[in-house]
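Just one chain follows, in the form predicted on its own, and it is written as C-alpha cells.
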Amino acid sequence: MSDLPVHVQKNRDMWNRYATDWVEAGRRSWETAEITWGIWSVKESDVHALGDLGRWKGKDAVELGCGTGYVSAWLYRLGMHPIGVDITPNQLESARNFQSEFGMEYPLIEASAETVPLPDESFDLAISEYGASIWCDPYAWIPEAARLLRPAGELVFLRNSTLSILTSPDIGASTELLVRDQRGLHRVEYDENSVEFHLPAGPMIRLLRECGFEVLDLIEIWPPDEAQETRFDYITLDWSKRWPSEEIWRARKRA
C-alpha cells in the first residue's frame, strides 16, 4: 500500500502498533447492548443521533474507520446489514476475533475510508465514531460517503469539538486558553507519527452541502452526571462539563 497518501500510511502504522491497547475497550463496547457515543459513553437514547432505531431494521450500513467493529456490532443487533471498513490490519483482526467471540458475522474490508472499494449508492447509513471522522481528510472521505449512500441515506459521525481542538496544546489536556488558530484549521499533527483532521463548523457545513447533503443536526455531547475521568489525557471531566468536548453531526443525502 505504498501508493497511499502519507497521512493514511502514518495513521495505519500507528493503529497497527496500538491495536492491542484497544482490545479490552473494544470488548467492553461489544458487551454493551445499548448504543453509546464517545469517550463519555453517552447513551443513544439520550441524544437520538440515529433517530427512531426501528426504522433501520433490514437496512444497509457502512462504518468508515471501524476499528474493533463495535459500532457495526450495535447496528447488527438492530437488524441492519453492516460492513466495516478500516485501513488497519491489526484492528480488523481484533474485530474478527470479537465476531467469533460474540457470534456475529458481517463483512470487514481493509481499505481507506477515503477510497472504499464498494459500489455507488449501496447503503442507507454511513457512520463513523472517531474513525474516518478524525483520521481521514474530510475533503476525501465525505465525498466518498456521499457516493456510497443511496438518495435520502444518512451520514452520522462523531468527532472532537472544534473548541476542544483550538484549546488543546501539543502535549496535555485542553486548557482555558486558545492555543490554535481557527482560520485555516484542517490538518493537525500533534507528533510525527499520526495525522488528524479537524474542520470547523463553517467549512464542514459548506463541504456537506457541496457533496449533496442536507445538515439535519449538530449534537453537542456533555458527560452524564455519573461520568468519571476517562483514560484519555487530552481532555478532562471538568473541562467537558463546561464546554462540549465532542459533537455528533447528522446529514441526509438529498434525493
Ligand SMILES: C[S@@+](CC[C@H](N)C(=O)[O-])C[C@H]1O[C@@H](n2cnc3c(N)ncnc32)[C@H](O)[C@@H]1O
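Residue positions are given as counts along the sequence shown, with the first one as 1. Just so it is clear, the model here is predicted, and its values are computed rather than measured.
Not on display, but discussed next: the form predicted together with this ligand.
The chain is drawn here without this ligand; in the model of the complex, the stretch among 174 to 182, 145 to 153, 107 to 115, 160 to 168 whose residues come within 4.5 Å of it by any heavy atom is 107 to 115. Relative to this ligand in the model of the complex, residues V8, C66 and Y70 are all within 4.5 Å by at least one heavy atom. Contact between Y234 and this ligand in the model of the complex is not found at the 4.5 Å heavy atom cutoff. Interface residue remark: W135 is counted as part of the site for this ligand in the model of the complex, having a heavy atom within 4.5 Å. In the model of the complex, this ligand stays beyond 4.5 Å of every heavy atom belonging to P82. Taking non-hydrogen atoms only, I87 approaches this ligand to within 4.5 angstroms in the model of the complex. Scanning 121 to 148 for heavy atoms within 4.5 Å of this ligand in the model of the complex gives E129, Y130, G131, W135, C136 in sequence order.
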